[in-house]
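As a starting point, one isolated chain is supplied in structure tokens, in the form predicted alone.
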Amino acid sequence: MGSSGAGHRGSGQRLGITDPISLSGPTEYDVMKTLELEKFLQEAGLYESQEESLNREEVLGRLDQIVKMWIKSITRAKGLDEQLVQEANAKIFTFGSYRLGVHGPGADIDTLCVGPRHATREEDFFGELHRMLSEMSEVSELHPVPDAHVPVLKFKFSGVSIDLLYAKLSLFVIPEDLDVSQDSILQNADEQTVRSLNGCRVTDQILRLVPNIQNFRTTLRCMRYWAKRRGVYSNVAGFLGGINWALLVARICQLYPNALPNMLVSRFFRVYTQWRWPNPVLLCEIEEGSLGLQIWDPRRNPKDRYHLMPIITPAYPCMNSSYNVSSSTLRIMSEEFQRGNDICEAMEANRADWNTMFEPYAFFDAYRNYLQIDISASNADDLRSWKGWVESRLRQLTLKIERHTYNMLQCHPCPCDFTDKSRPFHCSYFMGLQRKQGVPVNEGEQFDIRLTVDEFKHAVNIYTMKKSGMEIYVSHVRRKNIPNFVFPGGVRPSRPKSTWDMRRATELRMERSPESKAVLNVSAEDGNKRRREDSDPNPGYPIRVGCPPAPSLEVAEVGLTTVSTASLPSIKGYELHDNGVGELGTRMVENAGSENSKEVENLAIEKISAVPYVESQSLTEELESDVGYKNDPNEIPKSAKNSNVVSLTSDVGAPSTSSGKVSNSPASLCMEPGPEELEVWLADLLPFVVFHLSEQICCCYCLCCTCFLHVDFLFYLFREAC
């Protein structure tokens, strides 16, 4: 399991699929800034007290005793012999932030219960164990989620939040010294057990694959806090969750094995600002395994080609942990990585500090238009269930809006929920809305998303466990009308504080338009402009979310652009081997002078991030077969010429139309080019092999420089591309 990456710390053997970029140790500056960072994290309250730590250990010990009593009880109830009853055992394992050692005060504990073959998930775990827990006074807020992708029991035990998964092994007796990292434990396991075991196996493997666990923990704690402050920490909203951030940080630790957290944070932003998605982030080679379980492999699995930001788990079976990322959330995270990189460079020039890095994202100042999603229920238990279901569907609203508006209207989901204390059993979510930047505004153009919102509400309302009182409302709200309960203390700030983002935006405007400096220097003018925008009854692109009238469509003409690239320049003495940076390349980074060391390091990062996962020839052949043409724009298959473009609303089964026309179906906003347009499109993209990567984005595999390129979905995709 990941043998290629598992070397002994300090033995000189590399950790990861490439050699390190730099073996440099810390400078005095790194030591000083790391101490400042650790102090900042302490003052931010990210470390739990000794008392809370002991309480967690007691809770875990008590939970282990409970599952041992539970397994003996059900073994006896099933009529098994007394010897097997005495030997019956179940065991508790931890994973996630607690196992990684980066949890904070009040954080939940991800736990796994491993049981024998005769203890079923449906009847025994969600039945008998649930009943036992419900009768205990220490247990509160007990909430089973048996239909989740990874079934879980959620509850609080003596005030500590617990997420408890279950894995049923093929063993008659669970040994006390069970090692879940062995691949043999997956033998004859069902899919839910494999997914439940994956958390523990991945967490343990991460800790084996980083060169310095303490530096990894400090850096990860920093990045988790940064992601939460900047609003990009949420797997369910389409951003990244805890395991994703852990894998990204672990890869940086492999590339800079002797660096302290200050440098690791700086290189985190530098590397991922340059990373060429959808090339995957890997901590070790992907193993085929001997059990026949499906692994992440875009050559064989068409669904894996849809993934925009693959971050692959290091334990067999290797999976993409970030499949929820959409084009909109990838764009937002890329902007945040760039911001972090800019601030790190400013810190080196003594123009910023850690406070600047962790400034919270001013979500309710960032947009003029928002969607407000309100949900309510009859009681606290119903609201908890309803919230979980709605949150799992919110990502679909983002995808539908961007798809139905041809990506012209971009969404920014806020990962937090908000509660109005004056309304019991109520919760609100918000999404920022903006026109795609760089697109000219046509007079009178509107975004009518009422049908899209109705589609989303219908999908939410089919909840199988929906009860009376569970309601959902979606409305368009302007910035000036954002309810006060979303602001700290329920008080709207009189005016936004000056932040790095505001100063940076002003600098960029000045760089683009030097003649506007005189206007930008007058801060009052910005305030007046903002007030005029908020009070403007016609914002230029009204967003309608109410009940729609009979639909009438007008589709603006969209111009196509071509995409081209060139292979990366080769550097004398700098070669790739084993899909990575050679030792000579590492030494060049170490020995380069201060003037060009950053440039050399950036080229090393570019080399690593641009290396595609799959071999050029095998992928090219498979993609050519999928798409159905062989590098000749005139050899378009007849089926491709006659087929329709992939519908932007294919999930609702919209009827197709003839070429070059727009469907008038109420649920479909779909432009379809004729054969001539397809011929021009394919000719423009050569020499690329094209395949469908997501509902918004396709991907080109360049035959010249063997790298991936994003292409906007408006480059029409025909159905064979899937």
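This is a predicted model, so every value here is computed, not measured. Quick note: we count residues from 1 along the sequence shown, nothing fancier.
Here the subject shifts to the form predicted together with a small molecule, a form of this protein not shown in this document.
*Asks:* Report whether the minimum heavy atom distance between M263 and the small molecule in the model of the complex is within 4.5 Å.
*Replies:* Heavy-atom contact with the small molecule at 4.5 Å: absent for M263.
*Asks:* My question is simply whether D108 lines the interface with the small molecule in the model of the complex - judged by any non-hydrogen atom within 4.5 Å.
*Replies:* Yes - in the model of the complex, heavy atoms of D108 and the small molecule come within 4.5 Å of each other.
*Asks:* Examine G231 and determine whether its closest non-hydrogen atom to the small molecule in the model of the complex is within 4.5 angstroms.
*Replies:* Judged by the heavy-atom cut-off of 4.5 Å, G231 is well away from the small molecule in the model of the complex.
*Asks:* Considering only heavy atoms, tell me if G242 and the small molecule come within 4.5 Å of each other in the model of the complex.
*Replies:* Contact check for G242: yes, within 4.5 Å of the small molecule in the model of the complex.
*Asks:* In the model of the complex, which of 371-379, 88-96, 462-470, 502-510 comes within 4.5 Å of the small molecule (heavy atoms)?
*Replies:* Of the stretches listed, the one contacting the partner is 88-96.
*Asks:* If the criterion is a non-hydrogen atom within 4.5 angstroms, does every one of S328, H412 and T452 touch the small molecule in the model of the complex?
*Replies:* Zero of three within 4.5 Å in the model of the complex.
*Asks:* So the small molecule isn't shown here. In the model of the complex, which residue out of H307, R251, R224, K400 has a non-hydrogen atom within 4.5 Å of it?
*Replies:* The residue in contact is R224.
*Asks:* Though the small molecule is not shown, can you say which of T193, Q205, T405, N235 has a heavy atom within 4.5 Å of it in the model of the complex?
*Replies:* Selected option: N235.
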